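This document starts with one chain, in the form predicted alone, laid out as structure tokens.
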Amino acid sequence: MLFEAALDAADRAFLAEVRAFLDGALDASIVEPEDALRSQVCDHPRQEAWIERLRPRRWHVGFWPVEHGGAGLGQVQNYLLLYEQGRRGAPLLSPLSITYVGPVVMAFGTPAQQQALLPAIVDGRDHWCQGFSEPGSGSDLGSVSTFAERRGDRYVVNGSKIWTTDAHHANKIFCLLRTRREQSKDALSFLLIDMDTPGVTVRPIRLMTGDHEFNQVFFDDVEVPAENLLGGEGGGWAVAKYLLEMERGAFVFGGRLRRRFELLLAGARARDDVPRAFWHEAARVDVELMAYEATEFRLGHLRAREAQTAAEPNVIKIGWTETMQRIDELALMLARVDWLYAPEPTLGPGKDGLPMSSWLAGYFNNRAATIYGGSNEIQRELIFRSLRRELT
């Protein structure tokens, strides 16, 4: 680890504990080399198996406060835990329940909502998906048109959400929708909906790579109890902005990116036909990756909000998505050479060798990373606005 020497004694002891745990807990049934090529696409059976191994220590919710069922880890220790898991090849955990919904319910939920929702996430009884984007309302999230009409103690929801990650695995969905028929962010609310409610339909969207990650979700006269409103009627924009800070800056991808890069380099070193330009670009990517690791370590994971500027989540989002794409582009350089000679070449030594088609699938899937969660162009605009406010 790049910054191990900077850790104090307690954090070094915790890092040693994490590494000892991973030595025993990670085996061939859990670690899959192809995981190194994923961004947020999870292998759900192995994810669940890995959570079961983390659960006794509450390390699957390491940053959650103890009173809500988490391990109560501090910023640095939680970073170390997530970095080492990524570096050693542990399965990626879907952030939708643990990193998105959990903190939002802690921040905006009533005591009754917290008591009902948080233990179900910790125990693995509830799996959430995100209902934000709509056909015609992608980056302009404030223009969503899915409407929830109040009728007594219930809302009746009509509309649809698209690019809904893991909706085919989820039993609940959180939705940003409109509760007044006016084009104002004050008319937006945040509603929690059971996926088995009559009128909810999930239609798969299959990617060109063959992955089934996304879906379109339709709501036809779906009745939802008013008590499922989070943050109050008209308070949806504040809840959504809070959640988007998590989505953009709550990841520790440094370890996973480092594993991905080293797997690529190991494959390149095992052959003698690698163009010189590849090694020049690899040196540049290595510097970029170290710079990202330094930024990620400095900013931490889910820092206390009072210690965080509005720009930090945007910096993290730009960093991990663009570094990941740079590594993918390196793999593409080798693919251009390989396909001249073999129909299904393999990149990587020994058992870690992966078909080049897997690297290309990762390349195509990860092109979207600089778009979802708010495009990186939008992130740069938000950074500029945040810094301008701080400097004036």
Partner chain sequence: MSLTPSPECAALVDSAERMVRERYDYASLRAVLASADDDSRARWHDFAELGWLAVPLAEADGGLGLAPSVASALIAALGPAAMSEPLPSQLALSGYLLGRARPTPRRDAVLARWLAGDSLLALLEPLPATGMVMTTHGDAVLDGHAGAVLDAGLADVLIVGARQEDGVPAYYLVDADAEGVARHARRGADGRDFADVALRGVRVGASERLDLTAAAPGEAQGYFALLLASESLGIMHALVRLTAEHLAQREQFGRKLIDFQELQHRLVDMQLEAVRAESMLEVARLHCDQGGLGTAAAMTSAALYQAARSGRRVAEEAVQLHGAIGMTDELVVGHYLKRIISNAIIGGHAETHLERAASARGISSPSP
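By rigid core we mean the largest C-alpha set that fits within 1.5 Å across both forms. Numbering follows the first chain given and starts at 1. These numbers come from a predicted model, not from an experiment.
What comes next is about the form predicted in complex with the partner chain, which does not appear here.
Among the residues A120, A226, I205, M290, the one placing a heavy atom within 4.5 Å of the partner chain in the predicted bound form is M290.
Contact with the partner chain in the predicted bound form, defined as a heavy atom within 4.5 Å, holds for exactly one of D194, D286, E149, D220, namely D286. Across the options 179-187, 210-218, 259-267, 67-75, residues that bring heavy atoms within 4.5 Å of the partner chain in the predicted bound form belong to 259-267. W163 falls outside the set of residues with a heavy atom inside 4.5 Å of the partner chain in the predicted bound form.
Under a 4.5 angstroms non-hydrogen atom cutoff, the partner chain in the predicted bound form lacks A368 among its neighbouring residues. In the predicted bound form, R326 approaches the partner chain with a heavy atom inside 4.5 Å. Shown alone here, D23 lies farther than 4.5 Å from the partner chain in the predicted bound form, counting heavy atoms only. Annotation for 359-392: interface residues with the partner chain in the predicted bound form are E377, R380, E381, I383, F384, L387, R388, L391, T392 [heavy atom within 4.5 Å].
After superposing the rigid core, the C-alpha of L387 moves by 2 Å or more between the shown form and the other one.
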